[in-house]
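What follows is one chain in structure tokens, specifically the form predicted alone.
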């Protein structure tokens, strides 16, 4: 059952075998596995429950209902905008469907450097395979790539770079371009239309608009206490108390550490909130003679991964297409006044690609501010900054090779190229510090990282707290390093595998 706002008329006090905080990839997959194993499961979700009937394909509705801080969440210095879902289904409800397996070199590094057990490529193969079948992950045929994705495929091919179509978790996609706004056709097989309904069928209780504020631990019982919010106004209505011997924190790499820090638990190592990675992202924009219309068609179906771990150092970058919705474009494109107006008038001729860096020497931290909310900081390392420069350079070349007449970056000081010969010089003279180029992240990871050394990690390889038996963290925060791929398949595989262990071990 999914609780509706009208079902609540006062404070809520419940008990369960398992209380899961968060309903995204980690929480949703765990809920399905554990409910089907016969556990009484309660899932708490801070955001609301919205369905295809609520998705009107407008940015105003989507950012208001489906995103953390109305898509305005950012680091404290505002240098990186951190896009995350806040609704039943979490970020899977608003992501762009890219479904990729964890690279083997990443899993090998986890084992070698952090002692992570049972998460090799061979260990995860059956889970990857099962998840891909469950979510109908498939490669789009050639004719389905929209012009924005073709910039990558065609431009990279001309330059001799490796580019390929990516897996997508859809069924019956109508190519509306609305993936980031909530799919009004239920064609995107996100957690809210797959794992959550199956968990409900197996008996799970889903409580939307329930914000967990604190976890209290007493012997073998735990209490999750918090606030029930009005779905429309987001104002507090009542309080709740959920008692369970097993608690799974699955609130994301931003909000899971905040909850643990506010609760004063699971931090004997001092690493809760540390080691934040972003897949630090910026964009390159091309102006074409032909119509690209970057808000339409399948938003993300291709990538160039030529430069991922190319130097064997575990770092590098990759390039993907990005859907450009008008409001987001207006906020991101450089220029002011008439200059900005002229740019927006060319909206249908814009093509955009994002450069995502797999960090090796950049790191951030999530702390708790004076209002009890996330305080996010991030520092870019020398090596990763160099990879960002190289990535922007490469993406600009790809756009010219695909036919762009002009190419620009998102630097605060306009950086515009009229030919490929201008790229090197202008990027060398450009400024790359905080707030000197627009940066994003949709993949915060790593703030409750797993490992077998209790001094250097928060949870073990089974995602169980080193400090508190029966307390688990299962979401993107447990990754020991940056991934180098869009994270949803990784998180789902870790969740399914460890939820099975919980079902087996905690009888």
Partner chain sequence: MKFRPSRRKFLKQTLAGTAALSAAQFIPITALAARNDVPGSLLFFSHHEFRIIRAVAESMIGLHGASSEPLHPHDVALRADQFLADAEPEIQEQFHLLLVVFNSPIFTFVFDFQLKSFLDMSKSERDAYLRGWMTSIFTFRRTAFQGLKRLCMSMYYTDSRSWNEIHYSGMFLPEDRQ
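Numbering follows the first chain given and starts at 1. From a predicted model like this one, the values you see are computed outputs, not experimental measurements.
Omitted here: the form predicted in complex with the partner chain. The next part is about that form.
K.L.:
Please tell me which of 287, 159, 434, 202 lies within 4.5 Å of the partner chain in the predicted complex, judged by heavy atoms.
P.N.:
Only one listed residue qualifies here, and that residue is 434.
K.L.:
Consider the chain as shown here, without its partner, and state which of 175, 117, 385, 310 has a heavy atom within 4.5 Å of the partner chain in the predicted complex.
P.N.:
Comparing distances to the partner chain in the predicted complex, the residue within 4.5 Å is 175.
K.L.:
Hey, in the predicted complex, does residue 454 get a heavy atom within 4.5 angstroms of the partner chain?
P.N.:
No, no contact at 4.5 Å.
K.L.:
May I ask you to check whether residue 462 falls inside a 4.5 Å heavy atom distance of the partner chain in the predicted complex?
P.N.:
Flag for residue 462 set to no.
K.L.:
Residue 69 near the partner chain in the predicted complex, any heavy atom under 4.5 Å?
P.N.:
Answer yes; at least one heavy atom of residue 69 falls within 4.5 Å of the partner chain in the predicted complex.
K.L.:
Is it the case that residue 238, even though its partner is missing from this view, gets within 4.5 Å of the partner chain in the predicted complex, heavy atoms only?
P.N.:
Result no; residue 238 lies far from the partner chain in the predicted complex.
K.L.:
Pick from 129-137, 243-251, 97-105, 291-299: which stretch has a heavy atom within 4.5 Å of the partner chain in the predicted complex?
P.N.:
Stretch 291-299 is the one.
K.L.:
Considering only 337-372, what residues come within 4.5 Å of the partner chain in the predicted complex, judged by heavy atoms?
P.N.:
Contacts from 337-372: 337, 338, 340, 341, 344, 345, 347, 348, 365, 367, 368, 369, 370, 371.
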